[in-house]
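There is one chain below, alone, in structure tokens, taken in the form predicted on its own.
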């Protein structure tokens, strides 16, 4: 099969387009998927650069991306909850910018029936990250105030909608050109991070969803929390000691596979409670460009690679 791979950690120059790679065979509790779409996420380039090697070392050569939609083409031993031909979406640690991937059933669910392939690939990783940050870690509930950084990004656009679905008051940061979108998604307040220091206008929030990183930003994020509030970082390890000294909490989230949550998310999409914001769906030949665009931080919502074309 053809795949977008890299043989060593590094910048975009290590990416190898249209490489011949072995078709992966499903093992126990796995399915083989003929990929339609591969979602593009910041974790892709962070893994490729080796920034997460200590936390999640890769077996090289590695295929790019973890997020997919497609059709089940083969079942591994012990798999009974899916059938060949099912249209699914999910996460795969094998890599997804390829003609085929394999995935554990814990990371796979039937895609939202209202969405076409490959568009559904815009959902699994980013929306699962937002869901787990808000509900599994922060225990967000109605009436609370949540502050979402980089709210126009992939995780941010889902986090806004999930927080509003839960009945929270939502504050987000974005450049001015994206304020209308964030209001449309449900943001109660939007702050232009280019002109306003958020820590000067936001205070007493229950939850901060932090995705920018850096010691200075972590300190500012903690400063706007009310006592007992929680900072959930998806960018870098949490400032636990600083949080405890202020009577607050901090946690780091690296998304975990959860088929049941993917089913909940699919139902929310089908019920029009949330929707993916898709910047573009690009053909496979533009997969490297999509990775570079994501790393440059210019994407609103999600980019998807249509592996079929």
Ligand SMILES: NC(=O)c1ccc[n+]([C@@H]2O[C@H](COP(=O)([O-])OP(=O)(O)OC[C@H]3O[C@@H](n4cnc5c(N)ncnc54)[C@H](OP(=O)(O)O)[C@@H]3O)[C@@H](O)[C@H]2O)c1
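The model shown is predicted, which means the values in this text are computed figures rather than measured ones. Numbering follows the first chain given and starts at 1.
Although not depicted, the form predicted in complex with the named molecule is the subject of the following passage.
Between the named molecule and the residues 231, 109, 234, 162, the one pair within 4.5 Å by heavy atoms in the model of the complex involves 234. When the named molecule is considered in the model of the complex, only one residue from 250, 255, 35, 64 comes within 4.5 Å through any heavy atom, namely 255. The closest non-hydrogen atom of residue 177 lies within 4.5 Å of the named molecule in the model of the complex.
Contact between residue 22 and the named molecule in the model of the complex is not found at the 4.5 Å heavy atom cutoff. With a 4.5 Å cutoff on heavy atoms, residue 95 does not count as touching the named molecule in the model of the complex; it lies far away. Looking at residue 154, you'd find a heavy atom of it within 4.5 angstroms of the named molecule in the model of the complex. With the partner omitted here, the stretch from 84-92, 163-171, 204-212, 97-105 that lies within 4.5 Å of the named molecule by heavy atoms in the model of the complex is 204-212.
Applying a 4.5 Å heavy atom cutoff to the named molecule in the model of the complex picks out 193, 194 from 189-207, in order along the sequence.
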